[in-house]
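Only one chain is given next, in structure tokens, and it is the form predicted on its own.
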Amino acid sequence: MIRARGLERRFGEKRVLAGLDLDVAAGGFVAVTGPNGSGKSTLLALLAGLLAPTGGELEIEARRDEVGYLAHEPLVYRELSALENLELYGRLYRVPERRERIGMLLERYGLWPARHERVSAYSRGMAQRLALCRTLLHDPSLVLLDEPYSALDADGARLLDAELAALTGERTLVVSTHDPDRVRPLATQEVSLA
């Protein structure tokens, strides 16, 4: 699913990633760890196709529409409701039976009662839950999650734990985290960036 050889990314003179080799089979689960500034977010943006490598090789066996990407920002429209956001993304991804899928995700992530509220009225944790719904809406084969537990309360974290457990082996997952113990039981490999 993912093959990287000597992967490098620079921003001007600053080298963020250098000489990274990575092989991830379909259905694999990679936990990406490291301190702030080590390149975790850069690696996920490269895998999502949002950044181009400045060196090395990167091959992803997934089309753009088969990738679900959760960034640090929720990437939802604050002036729209949760329902309107997911309807928009569902149309963009041509999700079959999207109303049923949207309803199921909003219910699962505890947002159904607030589905008509503007996202600008949401707490940061609610916006993170909505971002997870957006990421999973089109049932991607490659799921890239950058610090997905950020801003989630205990209930939200348990929901995400259950979601990751359900996706393990069914989808290819790459999850960056400052809490590797949380995902380590599910991970098939760990990449530690320095």
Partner chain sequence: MRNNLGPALAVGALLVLGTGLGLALFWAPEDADQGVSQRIFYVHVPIALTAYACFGWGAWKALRLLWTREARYDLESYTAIHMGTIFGVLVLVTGSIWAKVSWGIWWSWSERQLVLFLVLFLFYSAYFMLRYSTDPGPRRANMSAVYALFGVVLIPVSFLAIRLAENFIHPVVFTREGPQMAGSMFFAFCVCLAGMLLLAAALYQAELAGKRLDARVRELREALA
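Positions refer to the first chain, counted from 1. Here the structure is a predicted model, which is why all the values come from computation and not from measurement.
Keep in mind that the form predicted in complex with the partner chain is not shown, yet the notes after this line are about it.
Peer 1: Among 164 to 172, 32 to 40, 46 to 54, 147 to 155, which stretch has residues with heavy atoms no more than 4.5 Å from the partner chain in the predicted bound form?
Peer 2: Going by heavy atoms within 4.5 Å, the stretch is 46 to 54.
Peer 1: Although the partner chain is absent from this view, report whether residue 10 comes within 4.5 Å of it in the predicted bound form, heavy atoms only.
Peer 2: Close contact exists here: in the predicted bound form, residue 10 approaches the partner chain to within 4.5 Å, heavy atoms only.
Peer 1: Does residue 182 make contact with the partner chain in the predicted bound form, using a 4.5 Å heavy atom cut-off?
Peer 2: Contact with the partner chain, no.
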